[in-house]
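The chain below stands alone and is given in structure tokens; this is the form predicted on its own.
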Amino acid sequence: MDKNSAAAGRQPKVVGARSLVEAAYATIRHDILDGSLAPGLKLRFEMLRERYGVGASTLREALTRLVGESLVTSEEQRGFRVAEVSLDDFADLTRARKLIEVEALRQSILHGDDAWEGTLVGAFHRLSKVEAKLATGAPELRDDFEERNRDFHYALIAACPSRWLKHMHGILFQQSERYRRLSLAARDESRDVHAEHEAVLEAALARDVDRACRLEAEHIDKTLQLLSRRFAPKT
């Protein structure tokens, strides 16, 4: 067998192994985000092999990738653990996200064209569909909401010319996901998230930069305010 034939024969195994890592990464990530794997949980390989049906090398690669996303922590000789959540962490994350997202929104409104407006309106329409169903409290809708909420927020800043602002926004938005899911589970009836999104949309389409940026900052802050009330020490 020549070298090219040998390489071709090995290729499906490489692709299969990569697919296993991707599947393990995506499943573990989802279970962390929705709370199935609780903050602080020790991620023992025996438990993970039984739960996900993949080997130790696949799990190690998937977990290492999640360490890079700050969803898992790793300590030498101590293995892996689900990253903790805290109000202090979320408050810091919220401040950073406001700095980046509000500036990205400001630039996006100034540079957005008709195509940007159309994409934004479409993203809001899709988000509205799932927001209308969230009132039922069905947990299975949270994945759809998170996806469409992300698409709407990305659409808001899509016309920003700074790739670094958009890159940093993506990181901070992703890091906020666990806290947003906790907020959804809290179901504060006094909060109308759809109205908040609609107000930001209308201000952006009207090219009212100051109002849109103020509303977006308030929208980001409200999740922190909700979780602060929920996890306030009992007196």
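None of these values were measured; they are calculated from a predicted model. Numbers for residues come from their place in the sequence shown, where the first is 1.
Separately, the form predicted in complex with another copy of the chain exists; it is not shown, and the next lines address it.
Proximity to another copy of the chain in the model of the complex, defined as a heavy atom within 4.5 Å, singles out one entry of R29, R65, R180, H197, which is R65. None of L165, I109, A158, V130 but one reaches within 4.5 angstroms of another copy of the chain in the model of the complex through a heavy atom, and that residue is L165. The stretch that touches another copy of the chain in the model of the complex, counting heavy atoms within 4.5 Å, is 168-176, out of 200-208, 168-176, 32-40, 46-54. Looking at S19, you'd find a heavy atom of it within 4.5 angstroms of another copy of the chain in the model of the complex. At the 4.5 Å threshold, heavy atoms of L99 reach another copy of the chain in the model of the complex. The shortest heavy atom separation between D89 and another copy of the chain in the model of the complex is within 4.5 Å.
Proximity of E103 to another copy of the chain in the model of the complex: non-hydrogen atoms within 4.5 Å are present.
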